[in-house]
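Okay, here we've got a single chain as structure tokens, the form predicted on its own, with questions on binding and movement later.
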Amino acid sequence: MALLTPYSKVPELNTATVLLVENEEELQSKLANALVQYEKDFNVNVRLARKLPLPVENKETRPRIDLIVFLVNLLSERSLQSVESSLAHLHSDCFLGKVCFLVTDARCGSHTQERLVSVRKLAAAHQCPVLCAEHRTVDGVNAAAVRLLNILKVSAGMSPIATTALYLSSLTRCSVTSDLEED
């Protein structure tokens, strides 16, 4: 069972690949369709997985993965547990601008707030951004897709070098708040 590494493959010209990891597949297909259909100046390949590690049998034909997005449904404890177990199958280099967390149902009660704090702590520990999304409406899914496309463009190296570090550092900084630093 090999770790997923970010730079083990040669990138394709004008193409970026995103891996959407979600245990329950509720948002995964909607978001994949939105990412592919949105008008952009580069090609987007979307790969779907329920959890990591990825199967070994198609490792040679798998493209380079530029961004790994963990989709966390805060109403499900199993969703969070799946993300926590999947993180162990990533090489440490993946956390340098190649991973982000997308959470849903952040406004749905006290249990979700506890899980949101857990996700934010995970993100802060790995220096990864956390995005909140509304998955029940088409506009919410499209807004999440636009935000992910912006991050994907940076993580795939398709934006100017001067803005890349500034953009990713501002996203990472947003995931660490003063209440998390106190713990």
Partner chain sequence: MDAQVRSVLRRVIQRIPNKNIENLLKKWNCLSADQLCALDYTRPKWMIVEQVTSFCEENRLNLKHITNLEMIYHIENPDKGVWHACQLTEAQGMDDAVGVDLTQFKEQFKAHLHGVVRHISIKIKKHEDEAIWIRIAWGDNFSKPNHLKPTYVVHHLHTSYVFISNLMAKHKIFLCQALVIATKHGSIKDGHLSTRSLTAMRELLLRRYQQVFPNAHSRILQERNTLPSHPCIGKEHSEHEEMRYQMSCEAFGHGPTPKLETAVYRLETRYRGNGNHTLSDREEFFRGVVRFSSSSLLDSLRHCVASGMAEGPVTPLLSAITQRGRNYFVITDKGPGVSSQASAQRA
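Residue numbers count along the first chain shown, from 1. Keep in mind that what you see is a predicted model, and the values were worked out from it rather than measured.
The discussion below concerns the form predicted in complex with the partner chain, not included here.
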{"query": "Heavy atom within 4.5 Å of the partner chain in the model of the complex - the one residue of L149, A32, L116, A133 that qualifies", "finding": "A32"}
{"query": "The partner chain: the contacting residue among L27, V69, V154, V44 in the model of the complex [heavy atom, 4.5 Å]", "finding": "V44"}
{"query": "Interface membership of R78, the partner chain in the model of the complex, 4.5 Å heavy atom rule", "finding": "yes"}
{"query": "Residue contact check: A49 to the partner chain in the model of the complex, 4.5 Å heavy atom", "finding": "yes"}
{"query": "Residue contact check: K121 to the partner chain in the model of the complex, 4.5 Å heavy atom", "finding": "no"}
{"query": "V36: touches the partner chain in the model of the complex, heavy atom cutoff 4.5 angstroms", "finding": "yes"}
{"query": "Stretch 50-72: residues contacting the partner chain in the model of the complex, 4.5 Å heavy atom cut-off", "finding": "R50, K51, P53, L54, P55, N58, R62"}
